[in-house]
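Only one chain comes next, encoded as structure tokens, the form predicted on its own.
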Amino acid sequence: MERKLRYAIIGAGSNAEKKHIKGYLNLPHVEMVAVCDVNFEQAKRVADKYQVSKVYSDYKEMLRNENLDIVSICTPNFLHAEISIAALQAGVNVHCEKPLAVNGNEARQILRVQEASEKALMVGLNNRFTNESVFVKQYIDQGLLGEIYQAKAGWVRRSGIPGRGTWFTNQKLSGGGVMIDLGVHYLDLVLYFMNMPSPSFIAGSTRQTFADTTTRNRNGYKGNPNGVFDVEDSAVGLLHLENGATVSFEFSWASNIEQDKFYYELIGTKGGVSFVNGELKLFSEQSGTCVDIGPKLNPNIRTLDEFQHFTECIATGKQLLAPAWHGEYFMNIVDAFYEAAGNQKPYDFNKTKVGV
């Protein structure tokens, strides 16, 4: 009988339980052997819940002791680089939650170590694995949109601050505010659909409008009224690509709007795609007439599983859907956006060739 893959998780918070642990426990060829969190009691609670015998508060000790095949990293952003590098150097394949790092420099460090280690690192970009995204990517790859020359992406919330004083609102721990937290979902997704095109310039602005309120928190996030809040709670921008296409985007944790909205729109020479609050639509022309198409995807059939995909890639060497260099690419764009917003003038990628 083939040996099961030995799996452990670092960071035992809600994302670990809701996504990674659940995902890997569904795979019969994976054995969860350890849980690690700096809060030992939290790690023990999660380990007991899922009948895992080994509990650690020190991830380095766990990497030394457990002969792991895969580790998930579900910690605050500022620890992603440190832990990813340590795990790769220990010969462990890494499934790191998004974003890959807090900036492009850290992401490049991870990428160099990953390439030298010959181990796999996949960024946890879960929106690439939804049925809608798999369908849209196939639709685009079949040439049915033609040349995509314009895209839009956004996630705006009416009340969605993840709690003042949590690591999300502390720049040293998160790397940034809503641009990193929500932008990594849908800005990343449209760039992925467009095959990670080389950026030309980026412009935009950030605002911190709701830092002093306690009434616009996301449900379940209380925070500390006296805690650090030194990141943006809204970000808008325009990314121009070397192929001539443009991507406009908007993200907010809190806004005076009618309702929350997450979306992307792709406009091509042969057709278009709209995805708004979970509803997918296609636009095209047939027999000389504009037509709207509403795909009916079967929600009971999962067309691509993030965790199964990673283990298959480890076993076969198949190309990852969200490799480390994609994480670096995105963080380079985020770095450039923050510089453009801070200087109040566009950032020219061609002067540095960052991300190209």
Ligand SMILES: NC(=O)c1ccc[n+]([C@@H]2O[C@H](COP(=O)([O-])OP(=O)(O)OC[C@H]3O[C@@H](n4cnc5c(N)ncnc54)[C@H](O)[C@@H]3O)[C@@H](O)[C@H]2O)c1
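The first residue of the sequence shown is number 1, and the count goes up from there. Bear in mind the structure is a predicted one, so any value in this text is a computation, not a measurement.
Unshown form predicted together with the named molecule; subsequent notes refer to it.
Proximity to the named molecule in the model of the complex, defined as a heavy atom within 4.5 Å, singles out one entry of 150, 105, 131, 126, which is 126. This chain is displayed alone, yet in the model of the complex one of 167, 263, 201, 283 has a heavy atom within 4.5 Å of the named molecule; that residue is 167. Using a 4.5 angstroms limit between non-hydrogen atoms, residue 76 touches the named molecule in the model of the complex. Among heavy atoms of residue 38, some come within 4.5 Å of the named molecule in the model of the complex.
Taking the partner from elsewhere, residue 65 is found to have every heavy atom lying beyond 4.5 Å of the named molecule in the model of the complex. Among heavy atoms of residue 232, none comes within 4.5 Å of the named molecule in the model of the complex.
In short, of 47-55, 320-328, 294-302, 30-38 it is 30-38 that has heavy atoms within 4.5 Å of the named molecule in the model of the complex.
Counting a residue when any of its non-hydrogen atoms is within 4.5 Å of the named molecule in the model of the complex, the hits in 5-38 run 10, 11, 12, 13, 14, 15, 16, 19, 36, 37, 38.
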